[in-house]
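There is one chain below, alone, in structure tokens, taken in the form predicted alone.
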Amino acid sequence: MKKDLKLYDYLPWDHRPKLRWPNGAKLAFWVAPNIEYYEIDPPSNPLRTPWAKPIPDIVPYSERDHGNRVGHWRMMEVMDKYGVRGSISLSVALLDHHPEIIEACKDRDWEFFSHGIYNTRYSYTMTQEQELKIIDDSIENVEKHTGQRIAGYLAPALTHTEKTMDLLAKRGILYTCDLFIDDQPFPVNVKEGKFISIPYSLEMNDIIVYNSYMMPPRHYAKMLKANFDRLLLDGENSGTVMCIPLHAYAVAQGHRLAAFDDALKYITSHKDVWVATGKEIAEYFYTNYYDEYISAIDNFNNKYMR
């Protein structure tokens, strides 16, 4: 049996420092579009196959391509409308495949963080050296094409090894989106350096809502608003984070785009919201609250976990 990796500690809500975002905001809001590239015939992995049918499975492959051809431009237009900058969860190969999308995001001062090289190449069975090469490739090539040093990481297709978090911290990455543990940033236990998780919600993820829960667009808009309302209410006591993870081939289909527009209009109409990027949220937490949270964790463990 695999042991618990003990990636994070337990600290209940009422034992935490009181967190407040810039200008007294109660909620930090960020949008994380996944701009991905899928290979139609990727290298095989013994633990997972990307397509349900034999190669070439052109139906899901071409559906995903719709996002880069059409959907991204629609999604970007809506985000521009409400002054929301994206934090791009980037399949790094897209730098070469679709430089025009990268340029459009750069022009808007969007953040780029890594989602691996391709979303069809999984971390399962990778050696430490192989995984480090993926991380290093992401750092080097995103900086080469955008001038940014990546601050965050979302593992390709949410696949990991036992070493992933340690390797990210080792390379100076600030945050992971792969731990769905909380509504606030939270320290992650790594062997060296500092590392945190910031909220990236599967529940609000358009792919989960549309493809797993099978919800119609009007219900997605209601879910986003209801989630926002609850997090804003909790934020009166201590600041929270809301993320909307997106995929242009899903959220920007013609019959779904209005639901996303409606949700952004509602969220950005509130004055107690800090519209930010993932990196901005992480850096603010490190500067103002990381040490306080570590102290609170230690105090809680000394009192309750002996």
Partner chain sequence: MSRPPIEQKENKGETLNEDYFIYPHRSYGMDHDRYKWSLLKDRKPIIWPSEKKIALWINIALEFFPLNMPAKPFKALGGTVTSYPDLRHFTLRDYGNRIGFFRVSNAIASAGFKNVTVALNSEVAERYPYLLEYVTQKNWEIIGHGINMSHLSYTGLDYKNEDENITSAIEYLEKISNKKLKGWWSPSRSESWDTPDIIAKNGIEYFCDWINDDMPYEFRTSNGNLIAMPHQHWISDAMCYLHYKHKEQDFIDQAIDQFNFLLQETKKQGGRIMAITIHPWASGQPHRIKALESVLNYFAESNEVWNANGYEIMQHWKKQQ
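All values reported here derive from a predicted model rather than from experimental measurement. Positions refer to the first chain, counted from 1.
Only in words, not in the display: the form predicted together with the partner chain, which the text now covers.
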Exercise. From the list His247, Arg256, Lys279, Lys26, which entry has a heavy atom within 4.5 Å of the partner chain in the predicted complex?
Worked result: Arg256
Problem set entry | Residue among Arg121, Arg85, Lys170, Lys163 with a heavy atom within 4.5 Å of the partner chain in the predicted complex | Arg121
Seminar exercise, completed: Of the candidate stretches 175 to 183, 96 to 104, 188 to 196, 224 to 232, the one with residues having heavy atoms within 4.5 Å of the partner chain in the predicted complex is 96 to 104
Exercise. Taking heavy atoms and a 4.5 Å cut-off, does Asn68 contact the partner chain in the predicted complex?
Worked result: yes
Exercise. Could you tell me if Ile117 has a non-hydrogen atom within 4.5 Å of the partner chain in the predicted complex?
Worked result: yes
For this session: Although the partner chain is absent from this view, report whether Pro216 comes within 4.5 Å of it in the predicted complex, heavy atoms only.
Result: yes
Exercise. Is there any non-hydrogen atom of Ile207 lying within 4.5 Å of the partner chain in the predicted complex?
Worked result: yes
Exercise. In the predicted complex, does each residue in the set Ser201, Ile294 and Ala296 place a non-hydrogen atom within 4.5 angstroms of the partner chain?
Worked result: no
Exercise. Within 120 to 156, which residues come within 4.5 Å of the partner chain in the predicted complex, counting heavy atoms only?
Worked result: Thr120, Arg121, Tyr122, Tyr124, Thr125, Met126, Gln130, Lys133, Ile134, Asp137, Asn141
